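Given next, in structure tokens, is a single chain: the form predicted alone.
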């Protein structure tokens, strides 16, 4: 049994997406492999990569671009039930989207929120060290924390900015409610502070989920609220009706100045995303959505469709 638990796992997702934004259509096949490799009882190496192609129709055929690189590569050392030390290239734990929802097999929408870049610096990952774990674990509540420091790196695969930050969350299991606060401080170039807050609620006995974030930087701020639901009234979640998953996301961004975009639109923007996902057997999902974006630079319709397959298997057979 112990050997089976120490078997490295290869997981990830394979997807094909199409996006029509203001009449311009693009196609993107994507592979996101992930490996988790335990070494003994306390140490583990984990990594995720992204390999994608992008095709955009033109009058002369297709424009094509390619990307392949690591999303993160880290080592985890479990000191005790309350502390894990992380070293290497890690996803920055600012709010929740970057380290919890960004994998292609988890996200309900093809693209991330408009404020996804706030608080995660230039690459979404840091290069250095992090301490994280459960500060308090009680039957009626728990408090989690993460604190990190990142050094500057110009490496092509592991780009990072010198910064530090952290996140703390309070979880109430009876209410299935989580609230948290995040803070990042950029120490390279222009020193800036980023503040974040998140609320997650998943009522017990239902397949309803509510997720939300707020983020504020020196140049922009904004929020998003997302809700999804699957009915259990017609034979459970695995019935053909229960596999439908309506999704809605409302988001707004507000400019504080136009000096730097921070990856956020340079004008105040409002966007409503309406989606219907279908959860097929064998970890396959069909994602469809329509979005309407409003801003002073023009209103836009965005149509997105895609199919995602999540895979998981051991590198060798456990004993």
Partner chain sequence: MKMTSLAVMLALAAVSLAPVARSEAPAASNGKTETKSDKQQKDQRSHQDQDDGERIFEANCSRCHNAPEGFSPRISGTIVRHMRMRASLSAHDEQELLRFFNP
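Positions refer to the first chain, counted from 1. Not measured: the values here are computed from a predicted model.
The discussion below concerns the form predicted in complex with the partner chain, not included here.
Checklist entry - Just one of 27, 254, 70, 274 has a heavy atom within 4.5 Å of the partner chain in the model of the complex. Which one? => result Selected option: 274.
Item to check | Among the candidates 58, 41, 65, 261, the residue which, in the model of the complex, approaches the partner chain to within 4.5 Å (heavy atoms) | outcome: Contact check passes for 41.
Checklist entry - Only one of 139 to 147, 154 to 162, 181 to 189, 214 to 222 gets a heavy atom within 4.5 Å of the partner chain in the model of the complex; which is it? => result Going through the listed ranges, the match is 139 to 147.
Next on the checklist: For a quick test of understanding: in the model of the complex, does each of 266, 288 and 307 have a heavy atom within 4.5 Å of the partner chain?
Outcome noted: No, the candidate spot makes no contact with the partner chain.
Next on the checklist: Test of understanding: in the model of the complex, would residue 46 fall inside 4.5 Å of the partner chain by heavy atoms?
Outcome noted: Residue-level check for residue 46: yes, a contact with the partner chain.
Checklist entry - Should residue 36 be counted as a contact of the partner chain in the model of the complex, where contact means heavy atoms within 4.5 Å? => result Judged by the heavy-atom cut-off of 4.5 Å, residue 36 is in contact with the partner chain in the model of the complex.
Checklist entry - Would residue 50 sit within 4.5 Å of the partner chain in the model of the complex, counting heavy atoms only? => result So residue 50 does not count as contacting the partner chain.
Checklist entry - Heavy atom to heavy atom, is residue 54 within 4.5 Å of the partner chain in the model of the complex? => result Residue-level check for residue 54: no, no contact with the partner chain.
Next on the checklist: Need the contact residues for 164 to 183: heavy atom within 4.5 Å of the partner chain in the model of the complex, sequence order, or none if there are none.
Outcome noted: Result: 171, 173, 174, 176, 178.
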